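The data below hold one chain only, encoded as structure tokens and taken in the form predicted on its own.
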């Protein structure tokens, strides 16, 4: 006999990247979902089937789930509380102005608004990335405002931009930070379709659940910065960091994932999360335990200025008037996210040195223009590279990686390219007469041989 509890109706608080993805995917799994946001324009767009950001496959899934009637959107917290039993809080936790600490005002506001309204049997589930100890503090806040009976749990997200649908519908694990068997049971009911597929579940206390996300991001950031630190050593010795990374990848204790040298990480998660983790560790009196994260951050940032140095190697020390084609603005391909994007930072640094910078990104041009309106933007790859003195690969979109170097060579003023992502076929470019530079690789690497 099946003793599974009935499927809960759920709300999602916040319809940014995380919240919209959570709402759409949970509705796709068969649940009734009501998503809430204080921004009427965002709610109207989503209710009309339009995403306020780019994420492959999510727009189609949004339209499909709206058509089922299982997914709705509102700005009304009262309506949401009357509707749902499990409330997922998916609001942003940006870096605080003037501080590395996480800004928790949106999380606090969401929990407060829910606590003022919820019934005693509700479960409020945080998914936002927060400093350890936040869930316990919010538990006390909810108890004070709502009274006993309303529980708080934490269920961290592990989404990769560009793969958010797959990561939500087929996660590699689920983490439940809970304080009672009842809360665990409600979360198991909320994720029943995934548990039926055999997705592993880690049931933990609140603090451990909060730490999982920041620990994972800190590890990934460290691995990326490690190979870029090795690139600095290679640049000083004439060694080739790409060959070094390949050799290391065969060691199964290390592996090849996230061991690709290049311009480094950016986006709305890794940079802010490692900084917030350091800030929280300092508050807890254990800053020495994560002091290495400061150097992880600095290694990552140094790759940006070093990329500018490679442009100088090709175009000369004075960059005034040098026309640079900056291919990419998003922090990674298959995304329009330009938060802390290394690509845009390099473009800005070149602009500040007097270069004439033309940016092209297949999806992020509009967001990039809002962030840096002084830069010039092209509508196509061909327009961006036309008459360029130097071409920079800054985001490894497939369109750029697969571009024909002979075809591009006809358009540029000089066949010079900086491969900021170690993504191009070096021999092919050199055979087509291009001067090639990449971080951590000798200037003559990849010369075509007869």
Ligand code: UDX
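Numbering follows the first chain given and starts at 1. Only a predicted model underlies this, so the values are computations on that prediction, with no experimental measurement involved.
Another form, the form predicted in complex with the named molecule, is not on view; read the next lines as being about it.
Visitor: Select from the listed residues 302, 188, 369, 160 the one whose heavy atoms reach within 4.5 Å of the named molecule in the model of the complex.
Guide: The residue in contact is 160.
Visitor: Of 88, 265, 154, 111, which residue is found within 4.5 angstroms of the named molecule in the model of the complex when only non-hydrogen atoms are counted?
Guide: Filtering the options by heavy-atom distance leaves 265.
Visitor: Counting any heavy atom within 4.5 Å as contact, can you tell me which stretch out of 113-121, 310-318, 350-358, 209-217 lines the named molecule in the model of the complex?
Guide: Of the stretches listed, the one contacting the partner is 209-217.
Visitor: Can you work out whether residue 143 and the named molecule are in contact in the model of the complex, taking contact to mean some heavy atom pair no more than 4.5 Å apart?
Guide: Answer no; every heavy atom of residue 143 is more than 4.5 Å from the named molecule in the model of the complex.
Visitor: Should residue 137 be counted as a contact of the named molecule in the model of the complex, where contact means heavy atoms within 4.5 Å?
Guide: Residue-level check for residue 137: no, no contact with the named molecule.
Visitor: Test of understanding: in the model of the complex, would residue 199 fall inside 4.5 Å of the named molecule by heavy atoms?
Guide: Answer no; every heavy atom of residue 199 is more than 4.5 Å from the named molecule in the model of the complex.
Visitor: Is there a heavy atom of residue 278 lying 4.5 Å or less from a heavy atom of the named molecule in the model of the complex?
Guide: No, residue 278 stays farther than 4.5 Å from the named molecule in the model of the complex.
Visitor: Check each residue of 247-275 against the named molecule in the model of the complex and list those with a heavy atom within 4.5 Å, in sequence order.
Guide: Contacting residues: 258, 259, 260, 264, 265, 266, 269, 270.
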